[in-house]
Every structure is written in structure tokens, then in C-alpha cells.
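Taking the form predicted on its own, here's one chain by itself in C-alpha cells.
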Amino acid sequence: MREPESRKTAKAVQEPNKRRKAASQEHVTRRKILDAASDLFRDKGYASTTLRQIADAAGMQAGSVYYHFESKDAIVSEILDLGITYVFDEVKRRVEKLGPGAEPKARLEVAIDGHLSGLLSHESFLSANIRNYGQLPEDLRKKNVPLRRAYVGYWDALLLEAQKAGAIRADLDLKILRLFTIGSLNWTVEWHKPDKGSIEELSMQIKSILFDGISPVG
């Protein structure tokens, strides 16, 4: 007996819905694992964190973690990439929103805004990244290198453009300036307290220090 057309149509509609639901649930579970792991890596360090601890913090069995990630290394590798991606995407979004005709200094200013916003909105991912990168096995660090270089290259281009436009002194070494700027921004994750001031207020202070200096005017 042939299957009624109405039933075939219903199945055709239901199958994509089931796949979307399963994919959504998998995404939620993976995110739960990553959130728990980033908190542990931030607080305990990579070497002292076990998969069982990650599973316990995520409220699931260790076997369930293995279903989504083959190892602790796979988890930390994704956390490293996500930490930079959150910041990189926010910086690019804000710079691109200004449009191609924007002043180079304005592009630098919104890049600082974007870096701080991406950083402090995903604090545990970036803090885990900053605190653990140096202690990770070399093969794990290497996987994260291309993304790090891409972000560094983006900043190098912004700084060079600003220097050529006269917004940065010609005698300054741009590599040192980039290391100082990004390093300073990154470490705000260790001391910034939301109840002591907003991200926007913090960004304004940092931009004032960078562009205007610390000496009184006049």
C-alpha cells in the first residue's frame, strides 16, 4: 500500500524541524561545557583541570562530555579560538560600521571600544585564554597562532594607517605601541569591576590616556 501524500508531506516538514532541534540542543550542550570549562581554566588553570571536573561543573556525566569533545585539549583549543573571535568580531563590526571614509583616529578609538566590549562581555573565555596560553602544550598553542596573527595584523594595519595620517607620532615604534595597547586592554579583565564603572566609562579613560597623555594640559 502506498503511503498517503499527506503523510509524506508531514514527514518532509517534520524531519528538518527535528534536525534543527537536535542541532540547537547540541549547540546549547556544547556551550554549557565550554562555559564550565572556561571558568575552571580561569580559576584552576589548564593543568589542574580534569574532564571530570568540567563534567561536574556542567552538570553532566563525563561520557556526555566525550560525546561533544574528544579531549580536554579539544575543549581548551575551542576556548582559545572563541576568546579571540569574540573580540575580533566586535572590533571589526565597530570599525566597519564607521564606513571606509572614517578618520584613522576614529577607527582606532572604536577598535579600543570593541576590544574592551568583546573582552569584558566574555570575561571567562578571555581570562582563561590569557592565563593559560603560556602553559599549554606547543601543539595547542600552534593551532591558535593563525587567529592570533590575523588579529595582530588587523591592529597593525589600523595603527599604520593612523600614523600615516598624522594621528600617531612618526617616531613611535608601532609594534611596541600595539603590544602596549592590546596588553593594557587585555589585563583589564583581571581588575575591572562592573560596579565601579561601565565598560564605556573605562574605554573613555583609556582612550584619553593613550591619545592625550597623563600630563596636565598647558
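Numbers follow the displayed sequence, beginning with 1. C-alpha atoms forming the largest set that superposes within 1.5 Å between two forms make up the rigid core. Just so you know, these numbers come straight off a predicted model, no measurement behind them.
The next section is about a form of this same protein that is not shown, the form predicted in complex with a further copy of the same chain.
K.L.:
To test your reading of this chain, name the stretch in 165-173, 57-65, 149-157, 30-38 whose heavy atoms come within 4.5 Å of a further copy of the same chain in the model of the complex.
P.N.:
Of the options, only 165-173 has residues within 4.5 Å of the partner.
K.L.:
Is it the case that residue 177, even though its partner is missing from this view, gets within 4.5 Å of a further copy of the same chain in the model of the complex, heavy atoms only?
P.N.:
Looking in the model of the complex, residue contacts with a further copy of the same chain include residue 177, since a heavy atom lies within 4.5 Å.
K.L.:
How about residue 26 - does it come within 4.5 Å of a further copy of the same chain in the model of the complex, if we only consider non-hydrogen atoms?
P.N.:
Although a further copy of the same chain is absent here, residue 26 would stay clear of it in the model of the complex, with no heavy atoms inside 4.5 Å.
K.L.:
Given that the partner is absent here, does residue 43 sit within 4.5 Å of a further copy of the same chain in the model of the complex, heavy atoms only?
P.N.:
So residue 43 counts as contacting a further copy of the same chain.
K.L.:
Does residue 199 make contact with a further copy of the same chain in the model of the complex, using a 4.5 Å heavy atom cut-off?
P.N.:
Although a further copy of the same chain is absent here, residue 199 would stay clear of it in the model of the complex, with no heavy atoms inside 4.5 Å.
K.L.:
What residues, if any, in 121-144 have a non-hydrogen atom within 4.5 angstroms of a further copy of the same chain in the model of the complex?
P.N.:
Contacts from 121-144: 130, 131, 132, 134, 135.
K.L.:
Superposing on the rigid core, is the CA of residue 117 displaced by 2 Å or more between the shown form and the other one?
P.N.:
No, shifts by less than 2 Å.
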